[in-house]
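Just the one chain here, laid out as structure tokens, in the form predicted on its own.
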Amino acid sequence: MQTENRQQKVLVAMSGGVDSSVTAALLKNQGYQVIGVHMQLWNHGDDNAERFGSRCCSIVDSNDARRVCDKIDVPYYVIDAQDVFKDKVVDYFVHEYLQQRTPNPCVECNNSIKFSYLFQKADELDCEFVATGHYSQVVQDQAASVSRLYKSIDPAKDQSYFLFGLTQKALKKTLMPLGGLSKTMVRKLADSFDLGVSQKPDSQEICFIGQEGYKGFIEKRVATTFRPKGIIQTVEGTIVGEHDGLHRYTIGQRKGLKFTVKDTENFFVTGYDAANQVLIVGPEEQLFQKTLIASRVNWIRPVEELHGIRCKAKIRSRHDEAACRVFQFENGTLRVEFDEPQRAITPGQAIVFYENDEVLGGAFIDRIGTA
């Protein structure tokens, strides 16, 4: 194995955490020529080590990545992608909330930033592969001439949901060696390689959001004119309270609602009337829907049948997969019909399709309904 890989160069995305560090060490041990690359996406300021220690993109992370590369004796580079990250991910994040959509910035970052930049850098450095510490599995199906993406064997760490935007071209050059390992085993490997990061906490939350939370983050960047207050009412039109801006609420939310009438303690956000800046609420049963429309579709596994594809789907990263049928229109949009009603289908979130453990593809939810 080592002899076979010795002439193959691989660019490893180094976040500074335990997962990417073990990825680099494993591939070096297997005989690959490893090059470590750290992407600087966001500047948290001078106090980021203290305030953002459990999030990526901090100075601590960059230093840890450099130390690991020194330890395993491989080259190390830093890519400054802050401008494009702000344009493609941060501004998108803010804009989506102002359009009453709940974005998933990690999906957008993978689609628009990380893999795009990594493959560009890999070409510059004459690397045949790009490797990441994602908990997913890439399998090259030589018989079918198809690259396949599968879930991790560790269901608690599986990240396949966030990777549905990868193309066949990208997957043919991608390695994800941690997909066949548990997190416990990865930490043990970090110890055995003496990388100094085996007990480092996993990254949490959204990397560019600090103590102010996402609401404060948005409000520092958008004038009050574009996030006006308004009323809360039921779907029948009864006014039951006031809200502080529609960007502060997402489908299925109950916490933080300001009601002015009784018998609303079990009401949830069920929708918006954006034209009139009205927040719609109702009992939990109104959250359950069976049909949605999605766009910006990417099929990882080539799909020939455009009508009535049977599979399972997740409507958010921590959602249980649910059986459904998928119809694709000529314009590329999808209609997804679930066998059973799903709770809190949320515009802006990704919907990802699976057949057993294989990722078929995914899209972004536009709205609830059939057309």
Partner chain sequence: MSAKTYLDSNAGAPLRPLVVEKLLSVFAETRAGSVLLPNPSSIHAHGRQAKRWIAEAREAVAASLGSGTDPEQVLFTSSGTEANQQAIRSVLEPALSRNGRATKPHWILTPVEHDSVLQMVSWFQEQGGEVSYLPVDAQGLPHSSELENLWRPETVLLSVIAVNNETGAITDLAPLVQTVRARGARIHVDAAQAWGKIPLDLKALDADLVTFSAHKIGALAGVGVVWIHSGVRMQALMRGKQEKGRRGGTENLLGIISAGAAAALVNPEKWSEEVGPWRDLLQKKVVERIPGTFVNAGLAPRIAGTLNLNFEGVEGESMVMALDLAGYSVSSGSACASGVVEPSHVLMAMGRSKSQAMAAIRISLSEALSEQVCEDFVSALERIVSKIRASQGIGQEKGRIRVELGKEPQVKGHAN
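Positions refer to the first chain, counted from 1. Please read all numbers here as calculations on a predicted model, not as lab measurements.
Absent from the display: the form predicted in complex with its partner chain. The rest refers to it.
Residue 239 falls outside the set of residues with a heavy atom inside 4.5 Å of its partner chain in the predicted complex. Contact check for residue 40: a heavy atom falls within 4.5 Å of its partner chain in the predicted complex. Looking at residue 75, you'd find a heavy atom of it within 4.5 angstroms of its partner chain in the predicted complex.
Using a 4.5 angstroms threshold between heavy atoms, residue 59 counts as touching its partner chain in the predicted complex. A heavy atom within 4.5 Å of its partner chain in the predicted complex is found for one listed residue only; from 344, 35, 27, 313, this is 35. Of the residues 141, 263, 124, 212, just one reaches its partner chain in the predicted complex with a heavy atom at 4.5 Å or closer; this is 124. Shown alone, this chain has one stretch from 76 to 84, 180 to 188, 269 to 277, 286 to 294 that lies within 4.5 Å of its partner chain in the predicted complex by heavy atoms: 76 to 84. In this stretch, 317 to 349, not one residue has a heavy atom within 4.5 Å of its partner chain in the predicted complex; the partner itself is omitted from this view.
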